[in-house]
Structures are given as C-alpha cells and as structure tokens.
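Here we start with a single chain on its own, the form predicted alone, put down as structure tokens.
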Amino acid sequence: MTSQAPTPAYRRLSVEERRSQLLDAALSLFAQRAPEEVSLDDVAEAAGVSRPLVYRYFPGGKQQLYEAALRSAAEELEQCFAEPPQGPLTQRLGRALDRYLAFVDEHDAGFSALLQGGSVVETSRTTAIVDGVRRAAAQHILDHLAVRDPGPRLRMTVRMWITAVEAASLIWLDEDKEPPLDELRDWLVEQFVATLAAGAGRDAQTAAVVKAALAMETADGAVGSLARRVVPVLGDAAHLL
C-alpha cells in the first residue's frame, strides 16, 4: 500500500502575523490601483481571508486599513535614505536613490496617488504621514552632509531637492518609466550637486559643506564626470566674470 505524505499541520497566525498579512495584501493592491479603487473585499480576496476577518483587525474599515498600510510604506521609504556615513557623498546618495526609485517602480500607481493627493481617503493624518517621510528624508541628507544645525538656506536647499526627487519620480511614471532608472538616479545626484554649488555662492555654511563633500570625491566619480561635461559649457561665459 502506498503511503500518503502527511498533511502539513495547520498553524494559526499570530495577531501580528495576520495583521502583516493583511497589510501586505493591501499594499500590493494600492501599488496597482488608486486607494479609492480598492475595496475591503479586494483586500480579503487577495489575503485569502473573509471580509469579517479584515474588519476584526481594522474595525475602522478601509480608512484605518489605508492609513496603516500608508504608515508601513512610509517606514520603508524613510529608511531608503539611511546609509552608513562612509565614502563620497554622491555614492551614498546613489545607493539611497536606488532604493527609493525601486520603491517607486514597485508601487507605481499607489505612489502617484500618495504624493499627488486628491484621493477620497486622504485626510490630515495621511498628509502628516507623507510629510513625515519628506522630513525624515531631509534629515538623512543633512546627516550625510554632517550638519547638525543647518541654517535656513541649507535646510531649504535640501528640502527643495527632496521635492525635486518626488516630482521627477512622478514624471518618470507618467512618461512610461523613461529614462532608465540608473540614468534618472545619476541625473538626480547631479542635480543635488549643482543645487548645493549654486547655494554655496550665497551661503557660507553651504559653501563649507560643498568643500568638505568635494574633498571626498574622485576624478572618476559623479562630480568629476559632471565637471568635465559642464566646465566647457561654462567656459563660454568667461566674459561675465
């Protein structure tokens, strides 16, 4: 008689495991569709559970589930810019942007809905969560610049660049994900270098940051490549000096 393989023992998920399962299912759906287009039935079906079970974990319904999923995504995004403080600044930014843009690529529809707003499930709490991501990203960048007490000009420069990264990500999605991600990453890194350099002409603190950052760069790195492409163009403006 042929023996049958034993049926794997059923293991009941813990409260935290079940909650994580539901959040993962919701995030997967929000990545493909705008929040208002996702129902609790959709989440239940994606997670392989019943609708009442979703309500048991999120009695506030879709709004509570969306905010919890948003917080989970926000925590992941906040960590994108966390990077050990070693090596040239442009290399650290490049690795951080690789993680950030990979998140954008994976969660394209949800990312657009998140940043563009206008969703029927958008509230002051969801807006605060998104703003928290921006502030955390800015703080990570300031940490990379080794600045503990940034002045208003340097702080504004960093926050402006974070806004530019968001805008470029949305435009990239709208343009059918062109140019390639590595090209977009390099362009954003160069944008940050150029923005800092422009600010250095008006702010002593920014100038000091630029000098310290340039000291760690190499001729074959991002800044060296940018300089070789830009200096000949600026050479035509020598008569302005």
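A residue's number is simply how far along the shown sequence it sits, counting from 1. If you're wondering where the values come from, they're calculated on a predicted model, not measured in any experiment.
Another form, the form predicted in complex with a further copy of the same chain, is not on view; read the next lines as being about it.
- Only one of the listed residues (27, 214, 181, 49) places a non-hydrogen atom within 4.5 angstroms of a further copy of the same chain in the predicted complex, and that residue is 214.
- A heavy atom within 4.5 Å of a further copy of the same chain in the predicted complex is found for one listed residue only; from 200, 53, 40, 68, this is 200.
- Every residue in the set 159, 218 and 239 has a non-hydrogen atom no more than 4.5 Å from a further copy of the same chain in the predicted complex.
- Though the partner is left out of this view, residue 63 does not reach within 4.5 Å of a further copy of the same chain in the predicted complex, counting heavy atoms only.
- At a distance threshold of 4.5 angstroms between non-hydrogen atoms, residue 146 is out of contact with a further copy of the same chain in the predicted complex.
- Proximity of residue 15 to a further copy of the same chain in the predicted complex falls outside the 4.5 Å heavy atom cutoff.
- For the chain shown alone, residue 207 is a contact residue for a further copy of the same chain in the predicted complex, at least one non-hydrogen atom being within 4.5 angstroms.
- Residues of 223-241 lying near a further copy of the same chain in the predicted complex, listed in sequence order, are 223, 224, 226, 227, 228, 229, 230, 231, 232, 233, 234, 236, 237, 239, 240, 241, the criterion being any heavy atom within 4.5 Å.
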